[in-house]
Each structure stands twice: as structure tokens, then as C-alpha cells.
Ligand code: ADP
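Only one chain comes next, encoded as C-alpha cells, the form predicted alone.
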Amino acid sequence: MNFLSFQCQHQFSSGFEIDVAFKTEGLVTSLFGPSGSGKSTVLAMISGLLSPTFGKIRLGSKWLLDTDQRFCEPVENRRVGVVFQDQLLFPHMTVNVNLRFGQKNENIKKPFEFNRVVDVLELGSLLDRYPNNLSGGERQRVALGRALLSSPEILLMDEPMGALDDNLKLRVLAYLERVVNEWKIPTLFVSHGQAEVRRLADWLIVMKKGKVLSVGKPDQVLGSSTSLAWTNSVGPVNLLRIEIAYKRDDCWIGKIGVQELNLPPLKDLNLKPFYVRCLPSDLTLSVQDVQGLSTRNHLDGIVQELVELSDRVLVRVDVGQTLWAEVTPQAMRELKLYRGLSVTCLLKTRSLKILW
């Protein structure tokens, strides 16, 4: 796998300064943080659209930039596929022509197969249409297909779902998962959505004001009290993966390890795996299982971490997957919560949102 090593410094005329160094450790890495933190600038440096004052960028064994050696690989030789938020498709070209524009480099020894890209992204019915006749999600799939057909050694995506509504965002996210599973391309994507990061990324780099704030696995980084994820937000977002679901009497049931989760009604059991989302504030913790409640879901788990903030405590619980619960400091003291404590997570079914 071609891991990315990045170390660059640059100062803009506005006074904003980038001083960033990191190495990717997974197949899919997310740059996470607020607008203006320099995430898109990092992508521009990797793609060659921006030359930093100082920089060393290496993809696997291939150097893309080394200012000490006065070496800068030309953009057209970098084998970098880029997908922008606004797609940048050619409006006067059909989808077919837009896609084939990505195949312009004839020197690639093992190019991606056109028909396979079309099949994976389900673009066959769109080939004769023009971008202005496509939905936002369809345009993003075409942009992704065009990037893939350049046969990239790394895929860069700048807020690929930022302009989409929730339903389209979930559909595009599913296609991104297909691409990662099919071609195993090292991918770096910019996002400020926790659900996207937790679902797609296996490595996370949090940026703030042109610097790296923290690096690591998403659950670890987003679970840090110093992480940017805690500011100006409700805290972490719970995203549970459901591999098996079935109907019992009139109830829909999903499996989380050996435990069962009562689900809202499902439209199609053939679409698996899928995810359910809930907020930490949706959960209630108990140090013993409580019977006789209307709350249907009682998930047993072990407290893994306590993150104490000024007005609340976020509790990470292992129920077979990670669940975050939010309690008050008083509740933490009364329940005598500590790492390793067995607890029950109470969760109302209506608090769950199905994500296909």
C-alpha cells in the first residue's frame, strides 16, 4: 500500500500559515476540522496545484516534492485523482465523454477498466446525459468515476458530500465504500462531518488554524477531550454497523455482536450492511439492567473512557461496538462511573436513524 508522508510549510500573503506534518496509517484517511483550517490547502499541495515554500511529500517510494533537492514532480505525472465538492464537470460534454477525459494519460501500464468503473458506480444509464440534467449525487458519482479512470495511485476528495442533502450524502457515501473495497486505493478526504469520518475513515488527522491538532484512529481521536470534535458540537456521533437484521413478530431487530437492537421499520432487508445513528444525549446509563421500562433497547457494555468537560461528561462504552453516552457530572458521581465498570445503555428505538 502507498502510504503518504507529508511535511509542508507555507505562508500566504494574507498572513495565514500552514505548518503541517503527518503520515497516513490506513487505507482511508480523513482531514477533519472547521473551515479555514487548511485542509483543502493540503490537498492542493499533494496534487501539485500549490507549491509550498518548504515541503517534502512522498507517496510510497515515489517522491512528489522535495524542496531541499529542488524537485517537484509535474502535476500530470503525479497519478493523483481529485474530486472536488462542486464536481467541475464539463457542461458541454456527455457523461461518457466526461468519464473518458480521465483516461487521457496513455502511458499508464495498467489503466482502470472503463466498464468496471461504470458498473461499480452504476453510471450506465447516465452515459448519454449532460451534467445539467443530473442530480447532485449523480454528478458526484461521475466526478468520482472520472478521477478513477485516471488510474490514480492516491485519491483526494475535497468535501465530496458537502453540497449534498442528507439522503444524497448517504448514497454517495455508499458508493465511496464500494470504490475503496473494489480498488483499495489510498484515499485522503476532507470532511467536517463526524458520521462520514467514523463510517469511511480508518485514520484521522484533525487540523486547526493551519496545524495538526491530533492524529490517530477515528474513535480514539474523536474521543479526546482536546479534540476539535468537542467544540461547537453535540460531541461525538454514534454510528453502529448492522450486519444482520430480521423481523420478529412486528418488530425489526438488528444484531450488534451477540446483542439485539430494536430498530425503526426497515424498507428493504436486502440492503446490508447498514448503519444506525444516534446522539450521546439519546442514551441513558444504568449500573444495573432496569426492567419494566418503555425503552426497548438495553445494551450491556463496559466503560472504556470518561471525558470530563465543563458542563457534561462523555462516556465511551464498548457494547461490541463503540457507543458514546452523555451524562451530567452529578450523574457520573452518583453512578460512580469508572473505566472497566459494567453498565447498561438504555436507548429508545425512535432515537435511532437508519442510514443505508
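Sequential numbering from 1, following the sequence displayed. Quick caveat: nothing in here was measured; it's all calculated off a predicted structure.
Below: the form predicted in complex with the named molecule, not depicted.
- Here is the short version: of T67, T322, S40, T295, the single residue with a heavy atom within 4.5 Å of the named molecule in the model of the complex is S40.
- By the criterion of a heavy atom within 4.5 Å, S51 is excluded from the residues contacting the named molecule in the model of the complex.
- Proximity of P329 to the named molecule in the model of the complex: non-hydrogen atoms within 4.5 Å are absent; the residue sits far from the partner.
- Put simply, G36 is close to the named molecule in the model of the complex: some heavy atom of it is within 4.5 Å.
- Not displayed here, the named molecule is approached by F16 to within 4.5 Å at the level of heavy atoms in the model of the complex.
- Only one of 22-30, 303-311, 40-48, 55-63 places residue heavy atoms within 4.5 angstroms of the named molecule in the model of the complex, namely 40-48.
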